[in-house]
Structures are given as structure tokens and as C-alpha cells.
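Just the one chain here, the form predicted alone, laid out as C-alpha cells.
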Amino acid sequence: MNVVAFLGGRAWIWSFIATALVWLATVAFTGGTGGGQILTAALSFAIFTVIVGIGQMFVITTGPGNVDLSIPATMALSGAVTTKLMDTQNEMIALGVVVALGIGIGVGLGNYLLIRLLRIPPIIATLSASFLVQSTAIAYGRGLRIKPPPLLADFTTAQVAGVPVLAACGIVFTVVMGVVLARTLYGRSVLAVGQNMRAAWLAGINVERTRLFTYVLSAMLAGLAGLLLSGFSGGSSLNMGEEYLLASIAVVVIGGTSVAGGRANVPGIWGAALFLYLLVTMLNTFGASAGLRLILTGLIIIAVITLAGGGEQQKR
């Protein structure tokens, strides 16, 4: 098989190729030292982007205009509520997980109701909802930073042979979500709705129920990520989810998912998340100024997106 044809048919591979290149460039610049530690750090931080990125991927796959901008606020609210609820007690972790998922269900339902009942475009509906959710987090948290339960902190920071335990669990979760997307009725419905909503409806698919489940799924994963991130960072903060607004969208696009809907790449989420972290690490290692880092980051991301799916997107 022609190598170019093989790579062209698998858009997600480009994110891993870009990841390998920036890692090699960083290691070469440092004289071969610290390569393992860089990968460990990348896995440790990328997992949170992967979790919210998978939820965002399902939303974007349902078709043009669908996006969830409430992810950062949901993470902040989940972190604030769960850390206060658990109050450093290990026996409260299970309840904290349930509450984090419950917050996600509530936010996801709210997002969908704004979109469905009020006919508000998803980008406006989820952005408006994020203001309400963030305000609730501010009112509830009141600037308090409560430490997570020791068991949660240990789990989110534990490593085995240099591999973060949380990242290993995230890989298993990614495989499961890949199976859900490709092999289950719900996953195939998401793809069908994204390809042609009317055709999916005519084929007997409950389009609105599929969209509802998708927005709820995205918010649930954001709530879970907020809980885990609070454990990893030693407590919750009201701005803990800010960097995941654009990151959750970037990993979806860089990973090869079509913004036109109907085509998703679950493996590419991991490649894109690692790429984004390692890209910043490389530019910092090179000593690039803040302005230059932003310019180079934008240009490199555009190049990877173009290679990953630009040509195919134009054909759609």
C-alpha cells in the first residue's frame, strides 16, 4: 500500500506525527536529556484535555454549528462543589464523583433546552449557559480553595514506570468511547445526524434525543474532568477550566474530526492533546518570547490541521 495514501486515509495519524516531531526537536535541543520526563509530563496534563475533548468531539460530530462552550464553567462548578462536599475525606470520593456527573447532567440538559426550546444557536446557548454556571461556581466557591481527599490526589498524580495512572485509565476510556462511537446505536446515530440530519430523521433516528444525549455527555465529562483536575492540582479554583475552552475545540480539529460533522477521530484526540502540550514545551525550551510563541503556535497548528483534514473538508 502506498504510504501517502495510507496516511491520507487516516487523518488522526498527522497529530501523532506532529507530536513525535516536536518531541524529537525538544530532545535534540536539550542534548537528549529529559525526554522521558517530558513525555510523562505531557501524559499527565494531556489527559484532562482528552476527557473534555472527547465530549466536545461528540458534539461537533453532530453537525455544523454544534459546539459546547460551557465546558470551562462546568469544570469550575464541579471542582468547587465536589471539593467542598468531599471536605478532604476519602470516604466521600464516590459521592463526589456522582455529584460531578450530576452537575454535568444538569448543565447538559440546560444547554439542550436553550437550543431546542428557545431555538438559540448552540454557540450562543452554551456560551450564555456558561455565564450562569460560572456565576453559580463563584457564589458557591467564594474563592475558597479546599484540598482534595488524599486518595484522590494520590490517584491523579500516581505513576507506574513513568506512566501516569490517570493517563493509562484515560487510554482505556478512549478505547471504550471509540467502540461506543463506531459500534453502538447511539454512536452511529451521532455520525448519521452529523452527515445529514434530515436523512437521519427519515431513516428513523430520533435526532433530538441523540443531540440531547450528546450535550449531556459533553457536560458530564467536563464535570468529571473538573473533579479530577481539582485532585491533580491540589484543589479547585474558579479559573481552572479557562484553558480548556479553546483546547477542547483545538484537539478535536487537529485530531482529524470534521467540523462539518459526520466524521470523528477518537485516537486523534490523544495525538492532538499531546501535540499541544509538547508544542508549548518545545517553544519554551527554545527560549521563544511570549509573542513569538503565540505566532508560531498558531502557524504550526494551522499546518497540522491542513494536513490532517483540510483537503477532505473542502470536498465535503
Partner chain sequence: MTQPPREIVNLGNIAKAFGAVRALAGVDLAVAAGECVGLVGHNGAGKSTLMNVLAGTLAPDSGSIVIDGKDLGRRYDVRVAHQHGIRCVFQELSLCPNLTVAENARIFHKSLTGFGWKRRAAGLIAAKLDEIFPGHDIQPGDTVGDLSIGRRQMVEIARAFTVTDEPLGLVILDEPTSSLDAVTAGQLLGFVRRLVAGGTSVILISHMLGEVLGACSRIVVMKDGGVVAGRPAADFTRDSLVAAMGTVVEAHDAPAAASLTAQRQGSVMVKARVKIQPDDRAFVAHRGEIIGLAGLAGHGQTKMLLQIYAAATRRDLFAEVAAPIAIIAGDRQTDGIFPLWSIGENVTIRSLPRMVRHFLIDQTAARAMAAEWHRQMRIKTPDMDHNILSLSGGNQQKALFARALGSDAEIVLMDDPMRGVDVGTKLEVYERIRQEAGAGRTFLWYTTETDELAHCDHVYVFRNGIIVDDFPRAELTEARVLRASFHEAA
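Numbering follows the first chain given and starts at 1. Just so it is clear, the structure is predicted and the values come from calculations on it, not from any experiment.
What follows is about the form predicted in complex with its partner chain, which we do not show.
Stretch-level contact check against its partner chain in the predicted bound form with heavy atoms at 4.5 Å: of 70-78, 162-170, 130-138, 196-204, the positive one is 196-204.
When its partner chain is considered in the predicted bound form, only one residue from Leu85, Ala153, Ile93, Ala192 comes within 4.5 Å through any heavy atom, namely Ala192. Between its partner chain and the residues Val179, Ile105, Ile123, Ala158, the one pair within 4.5 Å by heavy atoms in the predicted bound form involves Val179.
The closest heavy atom approach of Leu185 to its partner chain in the predicted bound form falls within 4.5 Å. Using a 4.5 angstroms limit between non-hydrogen atoms, Gly261 touches its partner chain in the predicted bound form.
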